[in-house]
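Here's a solo chain for you in structure tokens, the form predicted on its own.
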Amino acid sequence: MQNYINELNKLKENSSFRTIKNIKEKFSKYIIVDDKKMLNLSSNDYLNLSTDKDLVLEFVDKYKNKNEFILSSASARLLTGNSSEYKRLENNFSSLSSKDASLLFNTGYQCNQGVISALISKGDCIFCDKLNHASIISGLKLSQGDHFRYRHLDYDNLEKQLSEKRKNYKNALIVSESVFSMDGDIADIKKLVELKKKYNCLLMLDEAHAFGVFGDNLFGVAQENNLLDEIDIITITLGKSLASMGAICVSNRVIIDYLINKASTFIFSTALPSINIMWSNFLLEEKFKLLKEKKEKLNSLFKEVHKIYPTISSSQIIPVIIGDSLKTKNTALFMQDRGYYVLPINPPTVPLNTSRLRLSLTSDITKDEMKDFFEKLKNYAL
């Protein structure tokens, strides 16, 4: 036990000790923590749907008498946990992406972990961006294949590794996020497609932070660049822009059938409550126009914020990199005192000496609110 205590003390000394916040309420673009109301700049609810009580009540009133309006599936999908609602949701995502098939997982973490660990076997390999999400890293570690991590967004480095190593393996997977969750920068999808074709690889793209924010059909960066047909596997979480639960993998029929039979995180998990699936379908089928309107608002906002505070970001995620963990923590507390809910992001979530405030813009925040934020911030930390 003392070893655990020592490790926790080290985290506290490095200002990297995590605690669960006392959140009392969230409404619109605001959050109440410890009785203090603040503008919420730390949410992934990019379209501000999860706190729209009128929208929730409309959904409840319309569907409360349906058989699927229940709070537990009580079983895995392959046993008795399936229903028409799940298939409807998967069909909706297949239609949005023009892909053959889709499969619902319980979380984005389980989706990425399950897909990668199932598809990559002994004699296969993975090429992975160094700043990919922990769920992707977990998947490659659980797989039986070899893995190689290329420098972040460095496609020359990726091609060097491909040219040296790809020939030694049966199957190969290139995996990248589209919008990266800590810096808000965006992968060069066209280059990734070029390399996957040149070296005969599968290409997997995690659009978790891009779905609902990019693309005419809300389907992310690949769609924005008219490259959806070139991506073999796309994963999307429903807990961000869609304000629901679960994650979707879209691909061809062969890969989806393979995952149904081989992905342990799908096979052995109790299915999500069908009420959440109904909510996702309600938003996609009946409120799609609202989603697109919110997406346009958010795009206008983050483009204005990029002018106010230029960074490497090309998205709604804005990193304010401070470096030192303690200074970052104190800066976050300073801004919270002034009514802005921002949180410090420290190693190991981000590389050493890159502690930052991660600003997560949502559609109902205004340009003036962000101008005021940066005015206050520069007096303390910038």
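In this text, all values refer to a predicted model and were calculated from it rather than measured experimentally. When you see a residue number, it is the position in the sequence shown, counting from 1.
Beyond the structure shown, there is the form predicted in complex with ligand PLP, which is absent from this document and is the topic of what follows.
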{"property": "is_contact(S181, ligand PLP) in the predicted complex, heavy atom dist at most 4.5 Å", "result": "yes"}
{"property": "is_contact(T311, ligand PLP) in the predicted complex, heavy atom dist at most 4.5 Å", "result": "no"}
{"property": "K294, heavy atom within 4.5 angstroms of ligand PLP in the predicted complex", "result": "no"}
{"property": "A222: touches ligand PLP in the predicted complex, heavy atom cutoff 4.5 angstroms", "result": "no"}
{"property": "Candidate stretches 191-199, 104-112, 75-83, 151-159 - the one whose heavy atoms come within 4.5 Å of ligand PLP in the predicted complex", "result": "104-112"}
{"property": "Heavy atom within 4.5 Å of ligand PLP in the predicted complex - the one residue of S135, S280, S117, T265 that qualifies", "result": "S135"}
{"property": "Selected contact from S97, S274, S143, T237, since only one has a non-hydrogen atom within 4.5 angstroms of ligand PLP in the predicted complex", "result": "T237"}
{"property": "Those residues of 205-242 which, in the predicted complex, come within 4.5 Å of ligand PLP by heavy atom", "result": "D206, A208, H209, T237, K240"}
